[in-house]
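One chain follows as structure tokens, the form predicted on its own.
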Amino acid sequence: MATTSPNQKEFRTEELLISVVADLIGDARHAAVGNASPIPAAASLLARARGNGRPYVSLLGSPKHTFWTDGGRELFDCAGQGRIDVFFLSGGEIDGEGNVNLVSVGDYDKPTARFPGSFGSAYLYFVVPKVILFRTEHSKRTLVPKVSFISAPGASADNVYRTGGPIALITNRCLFSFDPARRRFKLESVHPGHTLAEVIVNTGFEFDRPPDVPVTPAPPPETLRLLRETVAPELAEVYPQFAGKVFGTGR
């Protein structure tokens, strides 16, 4: 879907989300991206393009954009050594305390839905300093009051040593920040074309918000240029269908 904003050239929703995630990555040294994550992958490549080579970007499944030779196991080793600053997690369900469910919905023995499984989510949630949650379906089905199964907890007891955790949740409708001390999300902005009322009615958990919720800034022209000219060809190596759909790569 294409979106327009005053004084900005037309951009797609995916480009907006990529731009926002790149801003969240900031000046990290190393951003790592797992499987089936084209928006986080594009955002990491964009952050690198804007930072003249920083952060280092590792894309699981990419021979060109990773130094790993042992897949996920080496990713976990790097994270445990403190060598990964940013990672990305999604889930079948995410609740208001930042808990992620990647296992099932309903009774554990007789679930109504099954997901791919937790893999290393709980471990990475504890050791990567900045974990960015993302979910492109913003509904009460996905953003729930309480997850059916905690694959990865958003916060821990005070006596649990933990160096990592969620800093934000981005969806197709808005951007939330996360306060680990309060175990609660705060609405930071609503994306162009969406409203606060829409966010409230489609979110299953309570969240904080300022008196006046701003609109998520549109991607600047230079960001769009880098996305379309520099990032898109690199992204096509791992995500050719996504790059073709959003950027027209390979057409």
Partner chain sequence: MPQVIRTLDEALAPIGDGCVLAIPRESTGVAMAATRALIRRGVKRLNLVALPTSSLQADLLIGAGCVESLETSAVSLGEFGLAPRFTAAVLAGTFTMKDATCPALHAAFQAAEKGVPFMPLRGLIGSDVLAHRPDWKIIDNPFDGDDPIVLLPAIAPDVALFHAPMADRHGNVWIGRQRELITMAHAAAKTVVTVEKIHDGNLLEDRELAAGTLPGFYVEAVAVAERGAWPLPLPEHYAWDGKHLAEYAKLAATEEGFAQYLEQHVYEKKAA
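None of these values were measured; they are calculated from a predicted model. Residue numbers count along the first chain shown, from 1. For the two forms, the rigid core is made up of the largest set of C-alpha atoms that agree within 1.5 Å on superposition.
Although it is not shown, the form predicted together with the partner chain is what the next lines describe.
Chemist: 90-98, 132-140, 74-82, 172-180: which one contacts the partner chain in the predicted bound form at 4.5 Å, heavy atom to heavy atom?
Modeler: After filtering at 4.5 Å, what remains is 74-82.
Chemist: Counting non-hydrogen atoms within 4.5 angstroms of the partner chain in the predicted bound form, say which of D70, D27, E206, E222 makes the cut.
Modeler: Selected option: D70.
Chemist: Is G164 close to the partner chain in the predicted bound form, meaning a heavy atom pair under 4.5 Å apart or at it?
Modeler: Contact with the partner chain, no.
Chemist: Find out whether any non-hydrogen atom of S37 is located within 4.5 angstroms of the partner chain in the predicted bound form, and reply yes or no.
Modeler: Outside the cut-off, so no.
Chemist: When the contact criterion is heavy atoms within 4.5 Å, does P111 count as touching the partner chain in the predicted bound form?
Modeler: Output for P111 is yes: heavy atoms within 4.5 Å of the partner chain.
Chemist: Flag T216 as yes or no: does it have a non-hydrogen atom within 4.5 angstroms of any non-hydrogen atom of the partner chain in the predicted bound form?
Modeler: T216: no, not in contact with the partner chain in the predicted bound form.
Chemist: If you look in the predicted bound form, which residues in 107-126 sit within 4.5 Å of the partner chain (heavy atoms)?
Modeler: The stretch 107-126, when checked against the partner chain in the predicted bound form, contributes Y108, P111, T112, A113, R114, F115, P116, G117, S118, F119, G120, S121, A122, Y123, F126 at the 4.5 Å heavy-atom cut-off.
Chemist: Using a rigid core superposition, assess whether P111 undergoes a CA shift of 2 Å or more between the shown form and the other one.
Modeler: After core superposition, the displacement of the P111 C-alpha between the shown form and the other one reaches the 2 Å mark, so yes.
Chemist: Rigid core aligned, does the Cα position of G72 differ by 2 Å or more between the shown form and the other one?
Modeler: Yes, its C-alpha moves 2 Å or more.
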